[in-house]
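Below you'll find only one chain, the form predicted alone, shown as structure tokens.
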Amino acid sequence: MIKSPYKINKNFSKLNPFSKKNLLNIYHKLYFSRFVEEVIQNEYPNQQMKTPTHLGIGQEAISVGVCLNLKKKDAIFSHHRSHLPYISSDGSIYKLFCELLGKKNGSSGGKGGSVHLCSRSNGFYGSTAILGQAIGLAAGAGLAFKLKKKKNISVAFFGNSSLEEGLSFETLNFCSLKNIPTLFVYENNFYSTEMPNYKGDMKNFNPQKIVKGLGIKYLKVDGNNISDVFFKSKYAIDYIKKNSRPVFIEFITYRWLEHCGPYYDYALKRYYRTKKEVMYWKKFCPVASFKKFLIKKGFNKDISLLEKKINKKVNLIYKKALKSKKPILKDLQTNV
């Protein structure tokens, strides 16, 4: 069974100086991300969504913590598990639902589906199912910022399989040689589709050794603790802006559901991981652990009200998306 190198981390003391408003804003983003994906998880079996859908339930703290430190004109690129970075960068939930439902008002006109989201006005320049492509695109955006002498940075969200592509290491080397202001966000959930890290090509892979060997600053962070994610991301982004150098962060996390779809692997009798392992990792839930911290501070009534508002809002938005129009034939060749 795969276990976390960290203990269940409920230490959020670094966030104590934050105001009540800011703490509740962080929880709002965590819970909002979780509930949106839970709506997708629950509705997907109803056959209204025809796109393959990669859910990131269990990994919310990474996107939230990183995006809280970004500026609006920074450029974000994501791999196929794209909902959480899209949501955390304030992408329209209505457009997300419409995209999954194949509707005209979707973020990509209903033609891209779950893995091709876009919200450029919020800095989310797109997601892609091509392994490693987000890394290359982010480097290009970072190079553009440098050539135009802008103070923005680019960010690449990617998972385990992306680090099995030559493009990824060629890009990291290029960014190091050319001093590109890019943050590389490695969401290490221990699996490449259904292949665990301790098997296959990744068995002897050491990202720290390779990244440091390329002259890039490397950080390893508990990706399920919003405090650790927030402050380590802030440190990395400040470093990038000050030195015009890339930074690589390996976030340790875990996805609860199957690689593609709304179900648990063990319920489908896919035996590459056990129910016991999933239940073990649920104890590290980034949403529940931060909620307990806030309740101890006496925010339980605020949290209850916040959750009810989010639940009502998201459910209404989904119902609205269900009623939206489908693309027409002449839209087929637009925005391609």
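The numbering used is simple: start at 1 and walk along the sequence shown. What you are looking at is a predicted structure, and each value in this text was computed from that prediction instead of being measured.
Although it is not shown, the form predicted in complex with a small molecule is what the next lines describe.
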Residues 28, 68 and 227 all lining the small molecule in the predicted bound form, heavy atom within 4.5 Å: no
Using a 4.5 Å heavy atom cut-off, indicate which stretch of 147-155, 125-133, 69-77, 230-238 touches the small molecule in the predicted bound form. 125-133
Looking at the partner-bound form in the predicted bound form, is residue 189 within 4.5 Å of the small molecule by any heavy atom? yes
Non-hydrogen atom contact residue 160 with the small molecule in the predicted bound form at 4.5 angstroms: yes
I'd like to know if residue 208 sits close to the small molecule in the predicted bound form, meaning any non-hydrogen atom pair within 4.5 angstroms. no
In the predicted bound form, residue 193 touching the small molecule (heavy atom, 4.5 Å): yes
